[in-house]
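Only one chain comes next, encoded as structure tokens, the form predicted on its own.
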């Protein structure tokens, strides 16, 4: 997987390898490293007990993969947009979980449609940013922030290294994020409400769940 991602990055296409991976999988989910065929537990737990309530029921799933997180949101009554840069993934997800309550799209996080800006009460991002190389991750996090309506909420699940040196030397994908990288969400006008993770217990990196919110006034934060 690392060689595939590197070849696309070297050709100036940092997201193109996703579609190649899904197409090479040819309908076999075990060939997709992150495909667990279930809603991520961090998402389920958050929906069961939200850290902060989103202001409405319009949700978007970033990098929807095979569609399990989108399906869970739809099951709970959200009006869901789900997108992935991989057309193959979107077609596969639509076939797996259907279209009831879900509007499926093929779109690149680094070039999202203008009509999505500020349009969503809840944004779910699971393991997408960590699968992007460092040169585009700030842009990806700012794009995620741009999706959020005033008062809206982001739930992001990502791999975070325990220190910057570990992140710098991490061989991916996925690439563990340095703790300082998460400041890109603040630059996108979001405020952090919670950062939750298990006890690292000496691990070099840990999967964390971020809850972020855009102030109701919708104005960028200063400082």
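Given the structure is predicted, the values throughout are model-derived calculations rather than measurements. Numbering follows the first chain given and starts at 1.
Keep in mind that the form predicted in complex with a small molecule is missing from the display, and what follows is about it.
Student: Could you work out which of 138, 72, 108, 121 is the residue within 4.5 angstroms of the small molecule in the model of the complex, going by heavy atoms?
Tutor: When the small molecule is considered in the model of the complex, the option within 4.5 Å is 108.
Student: Since exactly one of 80, 126, 153, 144 fits, which has a heavy atom within 4.5 Å of the small molecule in the model of the complex?
Tutor: Result of the distance check: 126.
Student: Within 4.5 Å, heavy atoms only, one stretch in 161 to 169, 178 to 186, 191 to 199, 59 to 67 touches the small molecule in the model of the complex. Which?
Tutor: Only one stretch passes the 4.5 Å heavy-atom test: 59 to 67.
Student: With the cut-off set at 4.5 Å between non-hydrogen atoms, does residue 85 touch the small molecule in the model of the complex?
Tutor: Yes, residue 85 sits close enough to the small molecule in the model of the complex that at least one of its heavy atoms falls within 4.5 Å.
Student: When the contact criterion is heavy atoms within 4.5 Å, does residue 102 count as touching the small molecule in the model of the complex?
Tutor: No, residue 102 is distant from the partner.
Student: Within 4.5 Å, heavy atoms only: does residue 132 come near the small molecule in the model of the complex?
Tutor: Because a heavy atom of residue 132 falls inside 4.5 Å of the small molecule in the model of the complex, the answer is yes.
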